[in-house]
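In the form predicted on its own, a lone chain appears below as structure tokens.
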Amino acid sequence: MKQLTVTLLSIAFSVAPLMAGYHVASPDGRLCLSVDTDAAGVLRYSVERDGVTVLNPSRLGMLTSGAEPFADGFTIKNATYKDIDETWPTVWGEEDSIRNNCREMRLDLVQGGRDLAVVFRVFNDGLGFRYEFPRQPGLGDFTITDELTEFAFPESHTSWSIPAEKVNYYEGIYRQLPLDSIGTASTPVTIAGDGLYMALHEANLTDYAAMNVTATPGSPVLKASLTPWSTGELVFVTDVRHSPWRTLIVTESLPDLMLSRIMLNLNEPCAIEDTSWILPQRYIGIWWCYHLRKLTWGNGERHGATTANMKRYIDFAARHGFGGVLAEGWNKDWWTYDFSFTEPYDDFDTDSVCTYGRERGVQFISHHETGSKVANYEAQLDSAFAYCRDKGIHYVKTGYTHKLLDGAERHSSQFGVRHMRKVLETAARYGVNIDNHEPVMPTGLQRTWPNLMTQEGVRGQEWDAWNVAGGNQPSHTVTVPFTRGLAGPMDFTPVTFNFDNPVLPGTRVCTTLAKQLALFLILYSPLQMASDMIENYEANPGPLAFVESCPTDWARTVYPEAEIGKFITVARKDRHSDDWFVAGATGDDARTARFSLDFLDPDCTYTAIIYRDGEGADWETNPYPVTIERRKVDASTVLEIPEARSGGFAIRLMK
């Protein structure tokens, strides 16, 4: 009887009539957003899809100091509407162009003689909204002490998220929980319920604190929870007079969720006039050897980043089609973390390395680990990037391996957001691309600043080298595409080929070798690192051939089949040829992938080179067998490929 009562109440909520007030619908008319004020002047919005409730009336507003709170007493003075329909080219990405098609409703508000605004944009696959605080007499600089924004879901849907607390740098395992049980979680939060797949996040995070969301046990209402400064304030509003966009993707299928581009569309157009130096590529690095404790970051007898070792890696990269070589530990001083970004160790000759690489078509990818000493880095920022420009270095991996910046502030606080933007914009002035590790969660800034090529912000492959609890478990890599992956490119560093670790025998890579190949395509990054030492690639030329052939820049992406935490299959078309690449991966269970190649050009024959789990492959007992086969296929072909437990496949399709 209790279950029946809950079900009837859910049905009653789901067919509630539209709020009174102001409304805006998506271009296809299926998603409708409504806004109104109550008797106290509290501003609320609600969302329906095809007449079924997506969000019940949800509060908007903020608490402030230095100004009267933006909490109640609102009057809607005016509503203006605008249709947006444009297609813009990407500098790099999962598609060569993106359509931005939505309807905008701007509500101009009056509260106590002050003018404010909330802008809503409704797309066919979701929505975004933000607050605007125009400077005016009586509203200068002020401080946000709480953001009251709510997301009142009609029931406690299933969700996937990571905790915002006690997880450093977003490097956590995504939990599958009812919405009311997530505590305070980082966004994106991925949600499934009522036949919909949804994702809650933000776009265009500029001079503001990153948004988390907090659940109340027993309630499906999530509330914005901003990352504070060490002194307790959330946001100091000065020159930037608007919040980030709060976004909610709303789709009927996982492929549509994965292909939503709302976040990118809510960022500003490209701010870099000449983007010719922003080039996607695959690369290798002097890196995995450190995690296996074979070599050291700091100088000494086992120093890894030496001139001789770099030239050895550059030779390998030139032979096998890698565009760059990363060297961590090239600069002083890794023993104290008081880094110089223009002084190499004595056994690393930057000029010699750069010249040697340039002659062979291979870039030196530099590394700026800061140890989260922001003041030290900012004092050297111009000289560091000028050094890169003068040496012909166009790629820098930045790092912040301490949970507090300058010993006080969190990465996702307004302090951290300001610093990361300063690094990005300074790098752009000097023609340098950034791979940001230990970042703020991405929010689509790569549209405006495409030199922000990739970021970490994920529990990546390095955990397989030193996590004695057993590394990333099989379901992890078929969960992050649907969660962290929705926020943008991630530097997961896949394709480890040798899983032995005698230094820490409790660790391991929890995949088959074929799945490692698949992850190179599935876990999207335009600057994609192959993680392993070159000796392990040289010992496996067959599987390496797929990595050598796989681009990192795409014209089109499709998802033939997917289930969160269970399996995924992705197909991508190369931006610079007619080739397609397809990859699939599983979690805990073996399965047979079955999918059509109907995305191929009709009336054409393709040669498929298939790399799949070999006979008897299993991630725990027999991870290495890979079968490589060729066959003719076309757009009418339906492929069936067996996948082992935590296994997979990778395919190159050539006309």
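We number the residues from 1 along the sequence you see. No experiment lies behind these values; they were computed from the predicted model shown.
There is another form of this protein, the form predicted in complex with a small molecule, and it is not shown here; the text below is about that form.
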>> Is Thr401 near the small molecule? Define near as a heavy atom within 4.5 Å, in the predicted bound form.
In response: yes
>> I'd like to check something about Lys223: if you look in the predicted bound form, is any of its heavy atoms closer than or equal to 4.5 Å to a heavy atom of the small molecule?
In response: no
>> Would you classify Glu147 as touching the small molecule in the predicted bound form, given a 4.5 Å non-hydrogen atom cut-off?
In response: no
> Going by a heavy atom distance of 4.5 Å, is Lys373 a contact of the small molecule in the predicted bound form?
Replying inline: no
> Do heavy atoms from each of Lys573, Asp579 and Tyr606 fall within 4.5 Å of the small molecule in the predicted bound form?
Replying inline: no
> Among the candidate residues Glu202, Glu328, Glu94, Asp125, which is the single one with a non-hydrogen atom no more than 4.5 Å from the small molecule in the predicted bound form?
Replying inline: Glu328
> Though the small molecule is not shown, can you say which of Phe482, Phe120, Trp287, Phe74 has a heavy atom within 4.5 Å of it in the predicted bound form?
Replying inline: Trp287
> Picking from 263 to 271, 455 to 463, 77 to 85, 100 to 108, which part of the chain touches the small molecule in the predicted bound form when contact means heavy atoms within 4.5 Å?
Replying inline: 455 to 463
